[in-house]
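As a starting point, one isolated chain is supplied in structure tokens, in the form predicted alone.
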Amino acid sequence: MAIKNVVIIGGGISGLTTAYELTRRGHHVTVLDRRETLGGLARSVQIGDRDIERYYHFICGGDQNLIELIAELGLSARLHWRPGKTSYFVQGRMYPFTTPLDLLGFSAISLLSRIRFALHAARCRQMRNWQDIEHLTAQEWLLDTVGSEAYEVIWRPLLQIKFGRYYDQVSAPWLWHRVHRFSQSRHSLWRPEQLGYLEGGSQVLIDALAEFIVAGGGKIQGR
């Protein structure tokens, strides 16, 4: 195999992981990023003597490639799993929103809408062929599956918070993947999802990738 000089543009998790794999295979890698801090959306900000993630992140049970990468880097002992707990605030009231029993008591929408919401979540868990909904926006897909009431009360506020004025342009496959990925962390229908985190945050993984790349002869902008 011919050794190549490779430039990776972007020092987020994808860029660093690509550089890591190429370094493992003996190639000479240079990682460039416009920021001084590596990690992209997974980067941290230092507050006092601690690194705090700029955005929230969690690891799902189905994130097998990530879990294997953590193991390869010798970080498995720092990976911890905890039950996730979710609540939903609507019309001045906080509703538990973690298990099917919680959904049953979610009186902010009608019983029929709760049933449609549950069926949609179950479909997302089993669904594999996202190409079937590639032509749809998330809004179109949700209105057709969960109905207008559940969409207006549950889904539209979430999409608006995340995407602002572009909420109605989000693709249906993006939303499917979010629900599907999250569902892979549930080992029992009646128990909360088990979500993972790295002790020390994502910065631990970012630093380990960077150290491996540099130790293998690679270069990282600013290091």
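Since we're looking at a predicted model, the values are computed, not measured. From 1 onward, residues are counted along the sequence shown.
One more form of this protein, predicted in complex with a small molecule, exists but is not displayed; see below.
**Q** Taking the small molecule in the model of the complex as the reference, which of 57, 156, 28, 186 has a non-hydrogen atom within 4.5 Å?
**A** The residue from 57, 156, 28, 186 that makes the contact is 57.
**Q** May I ask you to choose, among 170, 198, 69, 42, the residue with a heavy atom within 4.5 Å of the small molecule in the model of the complex?
**A** None of the other options qualify; the answer is 42.
**Q** Looking in the model of the complex, is the small molecule within 4.5 angstroms of a heavy atom from every one of 85, 99 and 104?
**A** Contact check failed for every one of 85, 99 and 104.
**Q** Since only the chain is shown here, I'm wondering whether residue 215 would be in contact with the small molecule in the model of the complex (any heavy atom pair within 4.5 Å).
**A** Although the small molecule is absent here, residue 215 would stay clear of it in the model of the complex, with no heavy atoms inside 4.5 Å.
**Q** So in the model of the complex, is the small molecule close enough to residue 205 to count as touching (4.5 Å, heavy atoms)?
**A** Because no heavy atom of residue 205 falls inside 4.5 Å of the small molecule in the model of the complex, the answer is no.
**Q** Is the gap between residue 165 and the small molecule in the model of the complex 4.5 Å or less for some heavy atom pair?
**A** Contact with the small molecule, no.
**Q** Is residue 32 one of the residues lying within 4.5 Å of the small molecule in the model of the complex, judged by heavy atom distances?
**A** Yes.
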